[in-house]
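Encoded as structure tokens, the following chain is the form predicted alone, with no partner shown.
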Amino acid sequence: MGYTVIEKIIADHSSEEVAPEKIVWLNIDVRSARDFGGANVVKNLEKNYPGESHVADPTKTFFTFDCVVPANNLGYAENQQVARVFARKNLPRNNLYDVNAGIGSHIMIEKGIAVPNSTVVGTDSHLNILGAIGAFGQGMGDQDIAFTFKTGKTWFEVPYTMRVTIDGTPAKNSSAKDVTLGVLEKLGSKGALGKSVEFYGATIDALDLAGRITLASQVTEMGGIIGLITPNSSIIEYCKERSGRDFPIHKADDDVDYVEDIHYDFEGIEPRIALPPNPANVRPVAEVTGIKVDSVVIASCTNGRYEDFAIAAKILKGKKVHQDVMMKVVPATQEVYGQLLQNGLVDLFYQSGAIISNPGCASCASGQIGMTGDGEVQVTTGNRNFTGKQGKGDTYLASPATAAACALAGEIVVPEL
């Protein structure tokens, strides 16, 4: 029987036999921690390995601050400083991405730290976003990450793999987020539970890097371990340019026995929106129009790329955000922020009445931009809308186009492009 993509990546990083349900020791190319959990990683290292070197390979070890940046409370300020001091003492200078840098998983792609076939772990539950470039990324607990810092490896149970093939051209006013929500609508929150997902089909092939990031980032909300998309020529070229090195590109063997094999026809799929209280509660936007909106957020690891803001800018250009709506814009990284500045989008958002913030995770971290009050209705391009996640209000998940259209109308509407 043939091997899946995840099995080939694991085999390249382990000396053991690789098969579903088998637990193997996995060599990790990139070990990371963020401001959420980073201080606990440091404390675990110092407690369990006193007087010893705490890092197996400093060149492969990173800190990224992205949850609450800059820190707006004493707890985060102290945790960031603990990790900052440790990084300055133990790591190369460039391996600390401080509060001005942006979302860690995006930085790893931009800086060529993660490449196809690489293995990456960190304290980020959406680190599987790296499946967008054919890499294995995985979020883990503080103690597991501390062990990986110390040894350069971790144990991992080889998952079963399911194949999801998506064909069809979405409607003109739909995007990768609508395709992603469409998959959530079909699979539900447990449809990929504990599995690796391989995405194929014409719809997937047409996605650019930003679109692949959007899809890969929400596999967590499908219950999946990771969603892997085989890199095309443009993704390969991008990763080579950013990393300055070559890497293998794995494809599944023809005789793979997938645990599930699903095909979706998304021809003409219309804009989708996830209603409270979970990301799988998906409906066509057209079915829920008219709900009053108080706030709109375009941000997150799911939709914080330049391409996402460019779509929103097309809708907002020359218009004003509704007087009853507070619209917030948070780029994923400093590089994305720079693109917005250079191409006039910061000014466009400003003229439209939006609030533009520094790079970071935005509403996925309590206390940052995107929190809601009791009774507040928010439309966000983020990836989670569980009760209490962003406050006491109701959060709807949508595409950048839908979010921008809602900001103008003051209510949920179908976007026009």
Partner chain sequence: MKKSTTLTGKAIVIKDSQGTGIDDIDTDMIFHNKHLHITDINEMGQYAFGNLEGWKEFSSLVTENSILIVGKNFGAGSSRQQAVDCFKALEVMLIIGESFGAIYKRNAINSGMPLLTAPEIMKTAIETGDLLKIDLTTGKISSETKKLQFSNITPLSQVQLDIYYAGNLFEYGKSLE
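Numbering follows the first chain given and starts at 1. Just so you know, these numbers come straight off a predicted model, no measurement behind them.
The same protein also has a form predicted in complex with the partner chain, omitted here; what follows describes it.
Checked against the partner chain in the predicted bound form, the candidates K150, R84, R163, R242 yield a single residue with a heavy atom inside 4.5 Å, and that residue is K150. For the options V330, A146, V285, L215, the residue carrying a heavy atom within 4.5 angstroms of the partner chain in the predicted bound form is A146. Although the partner is absent here, Y200 is not a contact residue: none of its heavy atoms lies within 4.5 angstroms of the partner chain in the predicted bound form. Of the heavy atoms in Y306, none are within 4.5 Å of the partner chain in the predicted bound form. Taking non-hydrogen atoms only, N48 approaches the partner chain to within 4.5 angstroms in the predicted bound form. The partner chain is not shown here, but in the predicted bound form it comes within 4.5 Å of a heavy atom of T154. Note on the interface: of 40-48, 349-357, 61-69, 380-388, the segment with non-hydrogen atoms within 4.5 angstroms of the partner chain in the predicted bound form is 40-48. Residues I23, V24, W25, N44, N48 are the ones in 20-48 with at least one heavy atom within 4.5 Å of the partner chain in the predicted bound form, listed in sequence order.
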